[in-house]
Structure formats: C-alpha cells, structure tokens
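One chain is shown next in structure tokens, namely the form predicted on its own.
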Amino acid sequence: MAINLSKVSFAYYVPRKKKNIKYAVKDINLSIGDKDEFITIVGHTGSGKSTLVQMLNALLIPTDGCIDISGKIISKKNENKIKLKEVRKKIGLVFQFPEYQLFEETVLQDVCFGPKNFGITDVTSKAKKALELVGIKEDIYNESPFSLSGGQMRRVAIAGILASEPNILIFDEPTVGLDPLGKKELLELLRKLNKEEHKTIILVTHDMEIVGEYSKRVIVLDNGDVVYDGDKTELFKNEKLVKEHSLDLPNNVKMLKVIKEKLSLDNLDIYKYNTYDAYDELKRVLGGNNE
C-alpha cells in the first residue's frame, strides 16, 4: 500500500509536561492504495478531516505514531531525516481555495512551478499535458490565472499538481463556491483521473451527494477518531451511525426511502445515487414501460 498510518495522533499544541493533550486526530490506523481508490472523508466541522489530509501529504508531522509513505517513515523521531519534498511529489494536495496556490504571471508558468520545484525534467511538456488533461485550452496558457473563473482556477490548480505526476491526489472541499455546472464538471474530471489515469483520489467533503455518486470508500471522522471506514451503501444503511455522527443521506436515497414507505414497496432498492438510476429502479419495481 502507498500510505499506511499506524497509531497516528496529532496535536497543534503539546504542553511541556505532555499532560492533558488535546488531539485533533488520535490513534488512527489506515491503509490507502496508490491507485484506483476514490475515498471521501466526511465528518462534522472540527472532526479532524483537514488535519488528517495534511498529514497524508507530510505538511503536518504526527505528534505520535508514524506514517509510511511508499517506504518512507514520517514521524517526530525522524522528521529531520526524511526528504519531505520527495514525499510531496508523490502525493498532491489541492486546498479548498485554489487562489492560495496560484501566484505566477501566466497559467503555464504557474503549472510549471511545481515540477520545477521538484527538479523534474521536460517541465513545459508535462505542464501542457496536465493542462490538456484538465480541459484548459491552449489559448489561455498566457493569461493571468487570476483572470479565470472559479472552476478554471481549480482546474489550473489541479494541473499544477498533476504536472509533477503524483499517484495520489487529495482535495479539501474542492467544490465549495462553484455553481452546479462547475461542480459537476470538476467531479467528472476527478472521476476521469480515477478511472482512466488510475489515480487514487481522496476527497474531503460535507456533501453527501458527492459521497453517494462518486465515492468507492468512505472514512468518517468524529472528534478525531475514525468511526467508520468502508462501503458507502453499508454506511447509509446504518442510520444510527449516520445520525450519531451528524451525517445525512443523499437526496435520491431519502426520496426513494419515502416512496418505499408510502407505497409499501418492499422490493425497492433505495440505494441509488443519481436520478437516472433512481428512475430505472422505480420503473423496475412499478413495472412502468414509458420512457
């Protein structure tokens, strides 16, 4: 596995006597593959989601425990011995607000910055390939990144990470502030990177619609603890767990659940995560023949 967390805890402040430490995340054990995973990390505000993903990228070093990233051990004991740049090259992190990651004069220069910083050769061609992959057209390569729309800025930020050819891409609430079309386009891009480029995608979100339609694996955090790690449908079936940890059901699941109860449709599978699948399931159960 590409990333293994063993009894990992993190505190933003540790008293000298190391007593009564308030951990943002605590005693976490996780394994994450370096290809083909699409993981959503969910939990209420303050549950530790952003802290966790920043440790996965070695922006934060565990207070206790260790993280094995492709054979490199990240811990307090050896944080000065590990070349963190090599770790960050393999695991790209896109923050919630992409403008924090854009600063060069042109789009192309901005995307070139990452691979240059990592000492990668053939920088320009890798940057152009990444821009093409995320759907940015050549006619805006020489424009200022700050003249772009929010959706385009996010694509350029992603291209800047992709140009360094990481195996794992981490996104912290990437759809915040986007209109419905921009949100859909961005999520379909992430799905494409997962399916066609075999990238592992790790996505922090509050949006259960995203979890339902895109996630292959869900990690639920609450008060710094991992309280669930597994299949999305098994999560949504556990209504007690969903309620206890301030989560919700996707809208299509809630709609089908009401229909199932009102019409006593015992054989209706309510765990359909997009409108087309929900329609097909209703058509199957109700025996409708109309398109």
Partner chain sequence: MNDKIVFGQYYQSDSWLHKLDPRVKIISVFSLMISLFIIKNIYLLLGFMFLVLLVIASTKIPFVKFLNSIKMMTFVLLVTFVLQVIFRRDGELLKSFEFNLTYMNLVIIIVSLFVWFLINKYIKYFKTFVFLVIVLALFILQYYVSYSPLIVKYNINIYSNGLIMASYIVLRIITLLFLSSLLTFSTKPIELNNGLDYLLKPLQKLKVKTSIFTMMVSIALRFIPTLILETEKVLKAQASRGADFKEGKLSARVMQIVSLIVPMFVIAYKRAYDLADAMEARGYIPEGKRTSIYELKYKFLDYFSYVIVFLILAITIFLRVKYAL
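Think of the rigid core as the biggest set of C-alphas that the two forms share within 1.5 Å after superposition. Numbering follows the first chain given and starts at 1. Everything numeric in this text was worked out from a predicted model, so none of it was measured.
The form predicted together with the partner chain is left out here; the points below concern that form.
> Each of Asn57, Leu102 and Ile161 near the partner chain in the predicted complex, meaning some heavy atom within 4.5 Å?
Looking in the predicted complex, the three residues Asn57, Leu102 and Ile161 all sit within 4.5 Å of the partner chain (heavy atoms).
> Would you point out which of 185-193, 69-77, 171-179, 109-117 contains residues with a non-hydrogen atom within 4.5 Å of the partner chain in the predicted complex?
One stretch meets the cut-off, namely 109-117.
> Given that the partner chain is not shown alongside this chain, does Lys126 nevertheless sit within 4.5 Å of it in the predicted complex, heavy atom to heavy atom?
Lys126: no, not in contact with the partner chain in the predicted complex.
> Should Tyr214 be counted as a contact of the partner chain in the predicted complex, where contact means heavy atoms within 4.5 Å?
Taking the distances in the predicted complex, the answer for Tyr214 is no, it never comes within 4.5 Å of the partner chain.
> Hey, in the predicted complex, does Ile136 get a heavy atom within 4.5 angstroms of the partner chain?
It does not: once the partner chain is placed as it appears in the predicted complex, Ile136 has no heavy atom within 4.5 Å of it.
> Classify His198 as contacting or not contacting the partner chain in the predicted complex by the rule of any non-hydrogen atom within 4.5 angstroms, answering yes or no.
Answer no; every heavy atom of His198 is more than 4.5 Å from the partner chain in the predicted complex.
> If you check Leu148, Ile140, Ile210, Leu93 against the partner chain in the predicted complex, which one has a heavy atom within 4.5 Å?
Partner contact (heavy atom, 4.5 Å) among the options: Leu93.
> By the 2 angstroms cut-off, has the C-alpha of Gly150 moved between the shown form and the other one once the rigid core is superposed?
Indeed, Gly150 is displaced by 2 Å or more.
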